[in-house]
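Given next, in structure tokens, is a single chain: the form predicted alone.
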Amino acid sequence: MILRRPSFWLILILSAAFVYLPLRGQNVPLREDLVLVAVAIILSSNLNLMIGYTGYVNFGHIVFYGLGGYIGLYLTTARGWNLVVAALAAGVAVSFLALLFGVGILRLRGAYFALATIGVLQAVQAFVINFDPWGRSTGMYMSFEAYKSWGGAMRALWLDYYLVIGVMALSLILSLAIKISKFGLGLFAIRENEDAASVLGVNTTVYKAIVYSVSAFLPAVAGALMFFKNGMIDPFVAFEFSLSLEGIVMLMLGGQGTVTGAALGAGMYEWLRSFLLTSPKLSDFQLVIAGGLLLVVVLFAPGGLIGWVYRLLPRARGVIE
């Protein structure tokens, strides 16, 4: 039962800390830093469902976040929908699209699947660039009128922050729930040997399609919330390929296949990324350092930071999952 798992309570403590810390003195800079960490955790933990649990490397995971942002912002601005309803609708719509994409590309394996995910990302970006209702290449912008129903822009940004933290908590809980379930065991079987899993009765086609669709839902919801917060979206920001690469670095750094590792790697990498972007001398080397970090992890610590902890403290497996 998930309530008996120490990791579940660690997730709640982490989420409570994210809620409480910015409230002390209404610390807006800290809120802005933490919301970026929360989004990184959302993307990393849901990417973990494919890479860590199933063994399928998805280079186009950011497409779910971008599509969710577009659908959510369109519904809130052009259609006047409530933000929460629009974000949930975006999540459902993107999950359905992911299911359609998955039926086609999940027949591929290894490098062929990875390349196909890049193709999906580029195809969706090209479609959006030429899609009139979404502003084509200039994107969409939101007027301050949209914040009135939330009591003004300042209050809306705080409420949006709390919603993002809620999505972060749900992402980690979902990852834990799948990991300890029978469905999760089927995914791990696919990761270890897909042919053997099929022989043993795992419907690999259905399992992969479901987890691919599930991994799209919460990133899409987060995209809707974040681009509402930003007040604008364009196809080059929404579908930035480097963000997908950074998601893989986060996951490998913390430890793929682990709930805590996805969160830890995302937090550490987002801190490093913020440091590099604000450094006059190192800002241009962000992706170079990220690539070097990934190489070091793969060569010397393939289990990531959590794998290193497991080797030092074997009993930690019962507490940190």
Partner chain sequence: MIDGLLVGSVYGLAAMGLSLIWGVMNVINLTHGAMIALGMFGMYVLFGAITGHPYVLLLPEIGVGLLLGVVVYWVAIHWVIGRPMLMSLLSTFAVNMIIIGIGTAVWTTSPYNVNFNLPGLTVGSYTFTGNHIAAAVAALILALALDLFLRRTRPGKAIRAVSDHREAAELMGISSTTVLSIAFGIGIAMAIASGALVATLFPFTILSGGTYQLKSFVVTVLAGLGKPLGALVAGVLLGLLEGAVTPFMAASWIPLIEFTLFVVVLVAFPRGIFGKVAA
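No experiment lies behind these values; they were computed from the predicted model shown. Numbering follows the first chain given and starts at 1.
As for the form predicted in complex with its partner chain, it is not shown, yet the points below apply to it.
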*asked:* I'd like to check something about L100: if you look in the predicted bound form, is any of its heavy atoms closer than or equal to 4.5 Å to a heavy atom of its partner chain?
replied: no
*asked:* Under a 4.5 Å heavy atom criterion, is L21 part of the interface with its partner chain in the predicted bound form?
replied: no
*Classify I129 as contacting or not contacting its partner chain in the predicted bound form by the rule of any non-hydrogen atom within 4.5 angstroms, answering yes or no.*
yes
*Hey, in the predicted bound form, is I62 touching its partner chain, heavy atoms inside 4.5 Å?*
no
*asked:* Each of L108, Y112 and L299 within 4.5 Å of its partner chain in the predicted bound form, by any heavy atom, yes or no?
replied: yes
*Could you tell me which one of N230, N82, Q122, T138 places a heavy atom within 4.5 Å of its partner chain in the predicted bound form?*
Q122
*Which pick from V288, V28, L277, L36 sits with a heavy atom within 4.5 Å of its partner chain in the predicted bound form?*
V288
*Where, among 242-250, 214-222, 157-165, 90-98, do residues come within 4.5 Å of its partner chain in the predicted bound form by heavy atom distance?*
242-250
*Heavy atoms within 4.5 Å of its partner chain in the predicted bound form is the criterion; list the residues of 80-104 that meet it.*
G104
